[in-house]
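One chain is shown next in structure tokens, namely the form predicted on its own.
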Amino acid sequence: MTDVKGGQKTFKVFRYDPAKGGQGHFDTFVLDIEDYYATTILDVLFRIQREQDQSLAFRYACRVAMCGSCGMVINGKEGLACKNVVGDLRTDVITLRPLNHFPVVKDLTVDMEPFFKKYEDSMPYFEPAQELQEPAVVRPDTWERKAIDMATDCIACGCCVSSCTMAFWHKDYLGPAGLNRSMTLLADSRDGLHDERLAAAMESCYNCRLEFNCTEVCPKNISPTRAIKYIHRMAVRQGPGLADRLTSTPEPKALPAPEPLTPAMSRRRFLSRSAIGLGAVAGVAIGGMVTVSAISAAFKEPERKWVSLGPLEKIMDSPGEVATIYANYQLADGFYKRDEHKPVLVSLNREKNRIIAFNSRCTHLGCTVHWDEKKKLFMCACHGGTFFPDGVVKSGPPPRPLERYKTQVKNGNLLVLEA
């Protein structure tokens, strides 16, 4: 129930030497780790490099999940080495390998040039529709601000492209990151390249097969799939006559805004509304090319469910003031499903027979928080943020307290409401 704080872990790390060539291989390293929950994968790589093999090559910069440099495949799933904590990985053997679909430079380092070339092809730059003497004002409560806010945190780490099978099969596919960037500009009423950008994006949007891999692995919790469906919906609304507009040179004018997409709108609801009453298949003629987008119809909002953490009596007998317990359940949103294995921090007040369950994700960057029994504080492994036992911020940069789960006791088991 409560994971061991530290111990021995085995790491299988992919190795490739360009001087020797070949297909590469895996080397095995064994480390004694004092605290699984205070040790990131990047910390592990530093230790391997310092203590066992100085030739190990990997890329990093900020160490706080902001630059995207340390993207790699960790236990078969793309992520940032600086954000993934050893304690969150359930296996005794942890496998590290470079991102997919990119040329390997050395070991865990890949050539990101193909990524940035596709990103450049997505027309990621802003071109104003009209020259203004004063800065344009976009209110925070407008539809476009809310739509764009969901996608502007991209750090160009390449994890989404690595996870996308279509990026392998379609060499001209702009990829999830590029299309996500296109969406942020297409939703901006100030943009002067709307039609050209929409035409370029739609040619790639056709290749998306709604696998949701990009959404699942994004370290910034962006949904590129949502952005792609947003572009589809925009094309359905504005597609008729677009080819004519591209071959003419009218004065720039604001195009009708698509239906607002708010941050609270779920993926399921978004996809159902994107059909716009046209059924499951919508045909859009763009620049002589017919794009067909299959969009599932009539979804219901997913229901949050109660997840058991185990017998309450056993939890209350856990050593220390805080127990780290894993919640295991399947998250379902439409046809997108994944198995969740989330650590929950359960604060135990035995005198008052009261418990508080905290989400273990830091409210700053979503890094994993762990409990330090000596300091009596919740601490973030990455950027040094700390929280008091009641979850209130002690020192920044976290902007708000730890999120609390709703709890209940049923049949002697402690349950938390799925987040």
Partner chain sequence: MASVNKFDYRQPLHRGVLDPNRVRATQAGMWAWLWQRISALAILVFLVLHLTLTYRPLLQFCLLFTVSFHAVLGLRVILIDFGLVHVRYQKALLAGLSVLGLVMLAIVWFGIY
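Under this definition, the rigid core comprises the largest set of C-alpha atoms superposing within 1.5 Å between the forms. Residue numbers count along the first chain shown, from 1. Keep in mind the model is a prediction, meaning the values are calculated, not measured.
Another form exists, predicted in complex with the partner chain; not displayed. Remarks below refer to it.
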Contact residue in the model of the complex, chosen from Met379, Ile48, Ile355, Leu365 - any heavy atom within 4.5 Å of the partner chain: Met379
Of Leu210, Leu193, Met150, Ile315, which one comes within 4.5 Å of the partner chain in the model of the complex, counting heavy atoms only? Leu210
Taking Trp143, Arg181 and Pro399 together, does each of them reach the partner chain in the model of the complex with some heavy atom inside 4.5 Å? no
I need the one stretch from 306-314, 341-349, 194-202, 101-109 whose residues put non-hydrogen atoms within 4.5 angstroms of the partner chain in the model of the complex. 101-109
At the 4.5 Å heavy atom threshold, is Asn411 in contact with the partner chain in the model of the complex? no
With heavy atoms only and a cut-off of 4.5 Å, decide whether Phe116 touches the partner chain in the model of the complex. no
Does the partner chain get within 4.5 angstroms of any non-hydrogen atom of Asn221 in the model of the complex? no
I'd like to know whether Gln330 contacts the partner chain in the model of the complex, with contact meaning heavy atoms within 4.5 angstroms. no
Thr368 C-alpha shift between the shown form and the other one of 2 Å or more, rigid core reference: yes
